[in-house]
Every structure is written in structure tokens, then in C-alpha cells.
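Next up: a single chain in C-alpha cells, the form predicted alone.
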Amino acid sequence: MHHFFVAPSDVEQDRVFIKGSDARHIAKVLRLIKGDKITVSDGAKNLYKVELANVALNVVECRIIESISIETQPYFKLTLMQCLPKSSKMELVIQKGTELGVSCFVPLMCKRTIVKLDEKSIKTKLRRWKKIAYEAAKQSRRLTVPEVLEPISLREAIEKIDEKALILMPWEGEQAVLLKDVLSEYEKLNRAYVIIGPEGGFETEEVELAKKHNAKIVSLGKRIMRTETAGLYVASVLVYLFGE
């Protein structure tokens, strides 16, 4: 059963209206017809099981069969702050991170970040990243679509962090403190931030800046992971321990 998202305003009494590119996808790609059933989330409080009543390229009208009141926001919220990697690796991080349960992605610009984006490139990339998060949320049947924010500097990002939350910065220069050592101190968590460096790693002064804002500097073990692997690895561990 296919899954889609709508705005709360697209739900009227016993009807749900799917518009735009999703309507075209239903009609032209999936070739669903009247009587077919799908699920729809309004991103707020409800998940709907619906039956297609009228299929057109601009709007698909659905009849609500079942409405399930849900808690759309998981108890545990994870923000992945990923320094921009080369090529299309950020797309991989967002796609797989969405499937794993990341709540928010913050692309970072660090001192050793190789990728340089101008204002036009940022807008283009951001549209692409948000689309990937949306499609991954549909595919994995998430109830909400994670946020994808504009790229910002590491300093700007750290200054916006809630220092009462758990802040993790994996760093290859850390030898004594393992990730599992820090996580063993927590039975429950409702919010965590993970800060992942670029291909060349963090500079020492960036690590010191994170420490001043209460970040836990941790080792992920003897193996050195690629930047696009490290964040997904930590996200998997955190969601397994503290997620839904």
C-alpha cells in the first residue's frame, strides 16, 4: 500500500485531496485507479487509510476509510549535523538518515570542507535534498518528513544547539572515550545532536569549540569511517537505543 503526505488543510470531513506532483505520480506512474487503497499522513495528528474516489493529473480525491489518531513526533529527536561531503554523498546521508529516523539534517561548512556553494547552488541543492527526504519518508512510511536546513558554518550551528541535549562529535583524534562509554550513562534521551566532520576531519580548534558548548568528543573505534558512513552509524545506534 503506497503512502503519501498532505497538508491538514487538504483533509475535509471524509475526504482527502492529494495535489501537485504526488497526484501526477499516482495517475501516471503508479497508475492507480478508483477503488485502490493507500495511506495518507497529514503530518500533524492523523494517519488515514483511504480509497481513491477520483483520479486526475492535478488532484486525486480520496474517501477516508479509517482515521487513526497518532503521536506524530517520536519521543526521541535526532539532529544530524553533517559537514558537506563531496559528490552526491549528502543525498545518500539524507535518504538513509530519513529511513533510520533522523528528525533534522543540518549541512555544515567546516574549515576542511572541500565543497564550496554559492547562493544559487545552495537553493538548488536544498530543493533536491528536501525532495529526497520527502521521497524517503514516503518509501519508509514515516509519519513526518524530516527538516532539511540551509548549510551554515560549524560555529553558527553549535551556537544554536540546546546545550542541555546530548551533543556527540565523533573525532579520530579521540582515543580514550568511546561512543558506548558516553551512551552507557543514559537510560533515556529525548534529544541528541550528532556533529560529523568533512573528509579531512575536524581541525583541533573546531573540536575545542564544540567542547566549550558541552559536546562529548568520542571515538567510533579503531576503524576510520568515511564521513557519509559515520553519521549513519551513530544515528543507527542512537535510534536503536532511544528511538521508537
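Throughout, we count residues from 1 along the sequence that is shown. Every value quoted in this text rests on a predicted model; they were computed, and no experiment measured them.
This next part talks about the form predicted in complex with another copy of the chain, which is not shown.
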For another copy of the chain in the predicted bound form, the stretch among 56 to 64, 175 to 183, 24 to 32, 188 to 196 with residues bearing a heavy atom within 4.5 Å is 175 to 183
Using 4.5 Å between non-hydrogen atoms, is K125 touching another copy of the chain in the predicted bound form? no
Q. Does another copy of the chain get within 4.5 angstroms of any non-hydrogen atom of L100 in the predicted bound form?
A. yes
Under a 4.5 Å heavy atom criterion, is T79 part of the interface with another copy of the chain in the predicted bound form? no
Answer with yes or no whether R155 is in contact with another copy of the chain in the predicted bound form, where contact means some heavy atom within 4.5 Å. no
Exactly one of L92, L117, V145, L149 comes within 4.5 Å of another copy of the chain in the predicted bound form through a heavy atom, and that residue is L92
Those residues of 187 to 222 with a non-hydrogen atom no more than 4.5 Å from another copy of the chain in the predicted bound form are L220, G221, K222
